[in-house]
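Listed next as structure tokens is one chain, alone, in the form predicted on its own.
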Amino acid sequence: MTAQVVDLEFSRAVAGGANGNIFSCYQCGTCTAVCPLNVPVRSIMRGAQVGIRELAVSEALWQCATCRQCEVACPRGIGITDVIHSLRGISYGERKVPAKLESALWRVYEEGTAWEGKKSERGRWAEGLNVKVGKPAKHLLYLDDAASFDPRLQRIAQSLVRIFNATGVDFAVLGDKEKSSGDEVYQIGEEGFLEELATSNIESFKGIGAEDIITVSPHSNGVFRDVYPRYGSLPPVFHYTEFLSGMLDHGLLKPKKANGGDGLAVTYHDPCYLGRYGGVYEEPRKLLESIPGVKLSEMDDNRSNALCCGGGGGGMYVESEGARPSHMRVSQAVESGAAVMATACPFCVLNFEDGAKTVGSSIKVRDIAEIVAGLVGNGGG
């Protein structure tokens, strides 16, 4: 048996990047027990604590969806995802990054997007719609990569445009000038390029002169809110569900009755980056419950205990083995008795639609924006 080498400098480096909280872990194993992707979190934490690289820096490090489910369960309240991020930065420095994630990083560098696509095609989703592009506006609608390039996810952005136009919201988009938020760059740990990208984005946002930024993706929302302040100031950032919820409060959004008559059963999935990161739990539910004819049916695991779809932390670009958490979550949605599984994250939409096909379910997966867009009229109803 080969003796494991203890590297205290390595341990101190990890602790420095993780705000020093790795030493509070007493190895109870709760983190590993609750991980939806079966990542050996306990071993990773132990390796980081005592300086054993073989435990801390491994392929398993890149299977983590950074969903924070482990943090909700941790009895010591440790910021485990901070440790994961610190370790990923070290792993990136040693060029130990999955090939697909490295390819995504190069796409951001060359085309401004981690998704497949060309920068010249970024604004095509808005063709034929009444959208101001690159012009001053009260609100800036930021799409990020997935909703800009993926044909299925473009429908989310198009739905928001229809809602805003129907309710008189003064907004603009950046079109072909928009770049990746850098969430994937952050997840990989490429800090130098992230600073360059964030600084460029901040300058582009200033050009619109908007009083706030409305995001489609909880992932861009999170990186803008939690990471960008290191590089410059942004106006307030809201996920679109927060913005639309505020419109409800002011009587500016009045959805019509949903198709399907009274009692249309809808269940809502809390995206990790919207809920556990952003603390946004009630606004999406308020939007769904504002629709006449909708009956909200909760899944067993909801709010801070919601299961992850598996798409965060670069998970959309990394191959996973075995049963996926999205399959289990779709099964929970079916068990709730709902006909529609609603969510508010592009990654969740893709993963759950794939999961529904895999488990053989006919449940419909819809983003909340898509549901609301079909139920607004001129002037908001």
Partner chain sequence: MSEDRILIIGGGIAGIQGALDAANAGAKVTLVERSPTVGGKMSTLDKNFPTLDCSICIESPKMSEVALNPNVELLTMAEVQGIEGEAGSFKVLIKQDARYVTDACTRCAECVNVCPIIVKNEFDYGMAARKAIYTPIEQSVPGPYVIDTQNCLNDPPNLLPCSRCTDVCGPNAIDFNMKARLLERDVASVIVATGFDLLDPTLLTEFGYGKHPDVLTSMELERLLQASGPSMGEIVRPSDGKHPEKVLFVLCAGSRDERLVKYCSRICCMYSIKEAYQLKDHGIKEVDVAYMDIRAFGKGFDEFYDRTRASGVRFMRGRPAKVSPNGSAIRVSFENTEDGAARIDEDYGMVVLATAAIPSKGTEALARLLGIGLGPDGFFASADRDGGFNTSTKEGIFLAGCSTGPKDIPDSVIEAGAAVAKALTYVKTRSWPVPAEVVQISTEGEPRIGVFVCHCGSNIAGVIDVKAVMDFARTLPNVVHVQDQMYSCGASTLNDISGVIRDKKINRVVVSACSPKTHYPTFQGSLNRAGLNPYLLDMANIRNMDSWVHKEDREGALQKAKDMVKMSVLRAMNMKALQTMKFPVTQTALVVGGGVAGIVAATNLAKQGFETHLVEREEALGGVLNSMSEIAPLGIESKALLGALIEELHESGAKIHWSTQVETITGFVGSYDVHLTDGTNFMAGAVVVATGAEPYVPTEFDYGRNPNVVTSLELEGMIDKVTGKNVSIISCVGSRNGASGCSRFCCQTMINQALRLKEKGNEVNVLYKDIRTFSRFGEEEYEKAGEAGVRFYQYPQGSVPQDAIRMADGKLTVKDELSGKELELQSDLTVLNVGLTRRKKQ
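Numbering follows the first chain given and starts at 1. All figures in this text were calculated on a predicted structure; none of them were measured in a lab.
One more form of this protein should be noted, the form predicted in complex with its partner chain, which is absent from this view; the next part is about it.
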| said: Under a 4.5 Å heavy atom criterion, is residue 101 part of the interface with its partner chain in the predicted bound form? | reply: no
| message | My question is simply whether residue 12 lines the interface with its partner chain in the predicted bound form - judged by any non-hydrogen atom within 4.5 Å. | response | yes
| query | Heavy atom to heavy atom, is residue 42 within 4.5 Å of its partner chain in the predicted bound form? | reply | yes
| query | Do residue 29 and its partner chain share at least one heavy atom pair within 4.5 Å in the predicted bound form? | reply | yes
| field | Answer range among 31-39, 337-345, 350-358, 60-68 for contact with its partner chain, defined in the predicted bound form as heavy atoms within 4.5 Å | value | 31-39
| message | Please tell me whether the candidate spot formed by 6, 75 and 301 is one where all three residues come within 4.5 Å of its partner chain in the predicted bound form (heavy atoms). | response | yes
| query | Within 43-59, which residues come within 4.5 Å of its partner chain in the predicted bound form, counting heavy atoms only? | reply | 43, 46, 49, 50, 52, 54, 55
